[in-house]
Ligand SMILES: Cc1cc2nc3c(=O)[nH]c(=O)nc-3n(C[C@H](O)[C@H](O)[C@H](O)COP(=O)(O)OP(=O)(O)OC[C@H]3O[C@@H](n4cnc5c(N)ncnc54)[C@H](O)[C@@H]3O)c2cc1C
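Just one chain follows, in the form predicted on its own, and it is written as structure tokens.
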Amino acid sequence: MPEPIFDVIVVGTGIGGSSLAALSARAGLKTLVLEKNPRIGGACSYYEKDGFHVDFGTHLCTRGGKGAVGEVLRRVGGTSRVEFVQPRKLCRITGLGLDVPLYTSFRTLFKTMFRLNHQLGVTLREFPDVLRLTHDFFWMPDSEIEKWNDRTVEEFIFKYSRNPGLLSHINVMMALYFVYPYWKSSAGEAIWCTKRMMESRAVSYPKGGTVIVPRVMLDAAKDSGATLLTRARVRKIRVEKGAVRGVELADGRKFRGGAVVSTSSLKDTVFNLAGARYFPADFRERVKGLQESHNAIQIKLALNRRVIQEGSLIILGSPHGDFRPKTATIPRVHKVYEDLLSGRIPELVPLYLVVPTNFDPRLAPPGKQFVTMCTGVPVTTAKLEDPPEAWEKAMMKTLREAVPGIERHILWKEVVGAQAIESWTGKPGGPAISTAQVPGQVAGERPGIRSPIPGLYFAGDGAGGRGIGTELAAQSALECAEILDSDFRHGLIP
């Protein structure tokens, strides 16, 4: 049988893959989209249980419809089909002496920052320096931000303060941003993301669940003639005579394409899907040395009534220790991540918790509530010294202390471990961000969209782009779509 021929073959249907598929098809390119799972969406996918819509991941959209995700939706005509919801009670930081509500109103910002810093143990004498720190984090000019791309968040913070309570809080926030410790994360990237988030003031959740975003993008792609196949695992990206010629699936089907775009990690694409021998030695070494973020363990909870009022919670706990942000030392803050990297439950266990039903009650039966929460763990290639059951127990203890009485309202509980995340996303090790946002891996030093093999491109969270999570993937797709368009127009793709 002759092989079906496409202009562009996109591997993966997460935010990066679905965005690129929609942009590619709208540009008039014959596009094939391949998803190895039975459901689309990657980390934004879902499943259903007892009438509950269960998000596979734990997500809020940091810029809603005003960032890269919104730009893709505008370009493909999907804006009217995705409604981003932002409740007044957006978030609460709680636990270990903290209780700080975060509202969507910009007018409450100074009051919130004062309350947070007071509870963290920042003295009045220190407050002017912390205020300058906050100002620079929120509103630094882009020309200055670039100077911090190759320096760490810790270096930036030390310009203003060494208060351990403040450092503990920033440690938790960088874990939410990048799933990586603050003393290894890029300051430039952190400031760039924070500034855009503050400018947008659109942290939100999409009605219908996070899967609605890739679903609308893929619908736009199909409306423009794209073909979508699920349960279509790519066994290899075919390289012939030094250029990409298409893909072969695990079931033996073959598809020919002028361009193949992988949204898996660069390590997976180079060493597993395409084959290292086709890449120059220096490129192989670069990819081999890329730092990846941590993985996560998630707990899904179905509740028989509305227990949590906020759209999300950031919970700090110390399940088997006496960690307190106000009295911690800098080495002790560092040890939290050293323990995590060793697979040991650290003194400080931060939980990130999202309540999708507080944004869209239709995601659960009437009167019920759904909660998804997570904390960071090592990638699966690192052995957990404490077993998964101990991590689950520590997470639930932290939750109970922050939300007393929640346990008696639990209808069911499901744990999604690091291995399950790796299996679903297809990235070896299951990193949340496959090219971590650290010095040397952000902005102009991030791996490029074009690969050294003609016709092979990267998109998603591994190459190009800036932003937090879904924003990073969508921005990468925008960049990839522009490069593909240029390469086709100039005859660089046969």
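These figures come from a predicted structure and were not determined experimentally. The first residue of the sequence shown is number 1, and the count goes up from there.
Another form exists, predicted in complex with this ligand; not displayed. Remarks below refer to it.
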query: Stretch in contact, per heavy atom within 4.5 angstroms of this ligand in the predicted bound form, of 59-67, 46-54, 447-455, 22-30; finding: 59-67
query: Candidate spot 188, 441 and 465, all three touching this ligand in the predicted bound form (heavy atom, 4.5 Å); finding: no
query: Distance check, residue 98 to this ligand in the predicted bound form, heavy atom within 4.5 Å; finding: no
query: Contact flag, residue 278 vs this ligand in the predicted bound form, heavy atom cut 4.5 Å; finding: no
query: Residue 264, heavy atom within 4.5 angstroms of this ligand in the predicted bound form; finding: yes
query: Contact of residue 429 with this ligand in the predicted bound form (heavy atom, 4.5 Å); finding: no
query: In the predicted bound form, the one of 259, 175, 421, 221 near this ligand [non-hydrogen atom within 4.5 angstroms]; finding: 421
query: Residues within 4.5 Å of this ligand in the predicted bound form, restricted to 10-26 and counted by heavy atom; finding: 11, 12, 13, 14, 15, 16, 17
